[in-house]
Every structure is written in C-alpha cells, then in structure tokens.
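Just one chain follows, in the form predicted alone, and it is written as structure tokens.
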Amino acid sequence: MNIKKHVKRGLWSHLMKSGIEMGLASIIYEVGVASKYVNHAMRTGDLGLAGTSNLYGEDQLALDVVADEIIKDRLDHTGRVSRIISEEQSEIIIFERKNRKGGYSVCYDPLDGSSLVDVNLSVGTIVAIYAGDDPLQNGRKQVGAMYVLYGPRTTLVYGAGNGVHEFTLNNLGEYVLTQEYIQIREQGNIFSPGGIRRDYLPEHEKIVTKFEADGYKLRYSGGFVPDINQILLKGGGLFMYPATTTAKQGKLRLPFELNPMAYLVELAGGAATDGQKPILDLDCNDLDQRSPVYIGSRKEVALAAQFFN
C-alpha cells in the first residue's frame, strides 16, 4: 500500500507545490501559525474589555488586542514584511528592514466580528497582502489574500493568483487541504442582507424585495467572514452591506475587509461591487475608508448594480 496517497497535503506543502514566491508563501503560512494561537486564546482567554479603544473609538476586547499582537509578531517574524496596518492600530506600523528579505506589506483585521465570541458565534481573521511598502494600495494590486474562520471547525482559505483553496485545522494542530480551486456559480440561491432595514435607501430596499420575491433564502449570521465563507463553500449567493441613511459609505472597511474578500471572490469566479464600481477598482486612501458592498455570484451582483444605474 502506498501510504502517501492517503496523506492529506499540508498548507506549506501546498504553497510550495503551487509555485508561490517564497516570501509570499511565508506570510500566508505564518498567518496560519498565528491563527492557531488566536484560536487557543479565543477558547481559553479573557473575553472582557481591554480598557482601550481602536482608531474608530470602539472599545477593544482583550481578545482583539491579543489577536492583534499575535498576528503582528508572526508577520514581523517572517522578515518579509516592511509595513502593516491593522484594524486595531491607529497608524501604519513599520518593521525595520535590517536583515529583511522584504518586499511585502499587509493589511489585516485580527478578529473580525469579535463581539460575537461571547455568544459563541463564528468570527474570523482577514488578511490582504501587497507587494512593496505601501499597504494602502488599490485592491487590484493584491498578490494574495486569506481568511481564517473560527467556528465549529477552524478553517483557512487563501488565494494567491492560483485559485482559492480551503484547509482545516486537524487534531494535531496542522492545516490540511480540504478542497482546491473553489468556484462560485454564476447564480446562487441565498442572500445575506446586512444593515437595519428601516435605514435602507430606496434602491437597496428594491434589491432586497426583488430577492425575496424570487425565493432566495435569507442566510445572515451577523459576521462577514462566516457569511462570505458560506457563499464560497455553498458555491453561490450574495452578501450585501449597503449604504444607509445613517452610514452613507456603508459599514465595512475597504483595506481590512472588502479588498481581501473581493480578491478571493473574484479569484473564485464571483464579483464584488459598491453598486457602481468593482470593489477592487476603488482607490484606497485611508485606514478608515469604507464602502457599500454587493459580493458573491456574478448574476446577483450584476442584478444589484442595475438598481444604481
């Protein structure tokens, strides 16, 4: 018996066999390592407030701070990253270049949806990777993106120009390949509408009414990572968080959340728009830049965009 045929490929092996540049592969792998510590901290650590706030004035959970430090340290450890921006930090962090083989900058949300942890709902880590020293580049210039979903299973999904691939953390603490080359169908049958309905703009209200009338199933968890993960792994559907009467630019942040997810969804054959332009074509000029988003299957994204044009 050839035992090797029955051994699932690990993350590092997959990165190497995919021919990904060593520095980029190291960043993806080290975020995976960091996520194991975040996963442990989330299951065993303090869920209370840290007594600090992030750049948006939001109270930080102790877990947010811990997750941010873990990921920052692992990115520094790669020796390949020159600059990072984190949703939990108020400015760009510069790593000294001494002994660095450098060439990459990273934007990340260490624990997206962390307010859901204390009620035991799924949350995630989101990462965007760029070549060069500028972490506030146009999303189209990403060389890789990934997220980790901390749910009943801990899974890691990455893409670096060679398809979108899912890995599952096993009992030995290793990420093993679950599926390769994930594809989103042109049309799905689920929709995830964020925001408070009383605050919807007329155009968005018409979109929601259209999907309801067409029999789409409403699937909304309140977490961006699990909802995007559902669309990817179910093979189709639409997530939307619109501009509203109280948030004209929407809620989700372009550098930390929308750009990496749009990159992965497009790589899997889907689409993402703000209603008028593709998310990846929006210039990113600020850490707090936000945008409405319609993301998922191409047919649903195009249908939503029709209401704004």
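Predicted model, so just to flag it, every value in this text is computed and none were measured. Residues carry their position along the shown sequence, with the first being 1.
What follows is about the form predicted in complex with a small molecule, which we do not show.
Enquirer: Would you please decide whether residue 223 lies within 4.5 angstroms of the small molecule in the predicted complex, comparing each non-hydrogen atom pair?
Expert: Residue 223: yes, in contact with the small molecule in the predicted complex.
Enquirer: Does any part of residue 252 reach within 4.5 Å of the small molecule in the predicted complex? Heavy atoms only, please.
Expert: Close contact exists here: in the predicted complex, residue 252 approaches the small molecule to within 4.5 Å, heavy atoms only.
Enquirer: Consider residue 257 of the chain shown here, and say whether it contacts the small molecule in the predicted complex, taking contact as heavy atoms within 4.5 Å.
Expert: Yes - in the predicted complex, heavy atoms of residue 257 and the small molecule come within 4.5 Å of each other.
Enquirer: In the predicted complex, does residue 29 have a heavy atom within 4.5 Å of the small molecule?
Expert: Contact check for residue 29: no, nothing within 4.5 Å of the small molecule in the predicted complex.
Enquirer: Choose from 178-186, 210-218, 112-120, 229-237 the stretch whose residues reach within 4.5 Å of the small molecule in the predicted complex, heavy atoms counted.
Expert: Checking each option against the 4.5 Å cut-off leaves 112-120.
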